[in-house]
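Here you'll find one protein chain in two forms, each presented separately as structure tokens under the names structure 1 and structure 2.
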Structure 1
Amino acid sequence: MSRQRRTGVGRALNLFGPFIGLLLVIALFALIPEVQGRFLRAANFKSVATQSVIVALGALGMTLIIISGGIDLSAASNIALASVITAYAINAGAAPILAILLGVLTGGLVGLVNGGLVTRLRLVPFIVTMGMMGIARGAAKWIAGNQKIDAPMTWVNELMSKSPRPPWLLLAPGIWIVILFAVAMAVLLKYTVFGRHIFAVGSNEATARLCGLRTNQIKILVYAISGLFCGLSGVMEFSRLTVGDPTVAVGLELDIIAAVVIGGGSLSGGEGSILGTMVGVLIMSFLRNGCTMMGWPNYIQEIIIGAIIIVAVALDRLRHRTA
């Protein structure tokens, strides 16, 4: 096979691979007699879409980070911290919109600190964000007094409602928020100078710096944007649970990273797309949904997701080696 043909095949697999994977997952559970009657119902698809919101928002920001050549292991802890801040603010009598703003900005602050430490101290993103994972989780437990924060019901709790009001919305407001931001991020990556700069930094940071790009500022901004998305995801977590729980989202960073990698993002940097990431999110959600319907315990789901991450990364390495 010629080099040009191999390149064409690789691009096709990168583009259509996530969609093929999604169809295979849906077909797998649709063919299992024990669950096919429930799995293919419109109500179940609606439920899966609602459950995907929290991971999807985190994955939007993670896509930017992975394309830029970084990684963020603190995403799940950041989500928990933002949910606690939102609940704490509402419980203290703050207006719901102010509580949402505080939750989102808290996430953005954590992301900004991550980006600052990675660039200014020239530390490895893996180490920095692993440390921040513990700091954010500990801060959430400290603020919440190591227990759940109950907050009065407000319109914030309707953001993740499966029966939205007004009914003409059809889907939970959180789903529409994900769609809106997904379109915005796709446009940012494909049609803006900043989007091209993110790809350039991830492809070869040294070359990008020699070309005059302010690589440190780009990386700081990428981590800050990702933090804002984690903050918004934390608000959705609070909306879903109706409490601020510092122990939620443990291990969710794996789902977020897996969604990006399955969707075509490369841990080597320089590759990824918002559409692919959203398909990856749906793959993860349908897998969890199908496993739950089958009555499989959580450790089976964790084994499957872990195996998927290994396979996705291995295929990415093989694709790069072939290219």
Structure 2
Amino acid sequence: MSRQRRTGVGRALNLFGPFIGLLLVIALFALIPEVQGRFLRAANFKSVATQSVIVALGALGMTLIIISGGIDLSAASNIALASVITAYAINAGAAPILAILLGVLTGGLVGLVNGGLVTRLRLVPFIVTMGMMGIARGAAKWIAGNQKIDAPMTWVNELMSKSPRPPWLLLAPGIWIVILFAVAMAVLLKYTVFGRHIFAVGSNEATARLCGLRTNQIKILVYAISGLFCGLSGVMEFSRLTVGDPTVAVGLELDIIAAVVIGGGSLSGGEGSILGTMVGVLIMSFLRNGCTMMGWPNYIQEIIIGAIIIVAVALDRLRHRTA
């Protein structure tokens, strides 16, 4: 039946839709003879993937938050704080695994406080997390004594190495971690009660409450999970830089949010997907990579990325309207 078929096509569009933008971006650079050969190499893709890890981890948590109808402007500060804490712990002689744990938990704690303030004081997330953005950044600088924290090299720094040990890993362990958590979060959102509840809270909080959902608990959990991801992202940042830098990732929260929104997340809640978000992250990374390869000046790059963000979301809208 035509009706059946039509929804079939719609579904296919919906499934592959997010990839269209990504393929377009890749095709764009792949067609330019100047960089073609270099751009399409596996090594370059690997390097883009590694660069994406930090934003991707942040964006995993941000996807949950945005679906639940919130936003987290403190994500980037939180990443910086976690990277400082990890470096501090390693420097103080803690076992690497303990340092990682501390970094991740710090992120989780910041998220928990965000969630607590949003639910207990019933403040808009934008404001709470904007305040927290300053607080976390300030704390990071404080702890680091306004400096980078130099930490001795440990296996933590292998997590983001493009030539991983053991070599059969092929990709940096960080990339595998992202893939693992992305699958886990996708399953969580789609196939668990908690996931459904996140969508419900974002779509209409009053309804969720009426249906007996513990909306506050759900929101706190979402912010805490997102905080943990920021913490992990901070650990990866430390792994990559080999120092704990309190000034790192300034403004990165906007990249993270952009990735989620390019991937179909709606800032009014109730919409978004992990797959879309991951594609959004890759679109941004490939754009940066391609522009740099072309040797375009930075301002051109800024303009292009700004324009692409708008175009990507406009396309997404169009897709939704026709599907």
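Note that the structure is a prediction, hence the values are computed from the model and not measured. Structure 1's sequence is the ruler for residue numbers, which start at 1. Rigid core: the largest C-alpha set superposing within 1.5 Å between the two forms.
Enquirer: Which number, 1 or 2, marks the form predicted on its own?
Expert: Answer to the question: structure 1 is the form predicted on its own, whereas structure 2 comes from elsewhere.
Enquirer: With both forms fitted on the core, give yes or no for whether the Cα of Met294 moves by 2 angstroms or more between structure 1 and structure 2.
Expert: Yes; Met294 is a residue whose C-alpha shifts (by 2 Å or more) between structure 1 and structure 2 when the cores are overlaid.
Enquirer: After fitting the core, how far does the CA of Gly306 move between structure 1 and structure 2, in Å?
Expert: Taking the core as reference, the C-alpha of Gly306 is shifted 3.8 Å.
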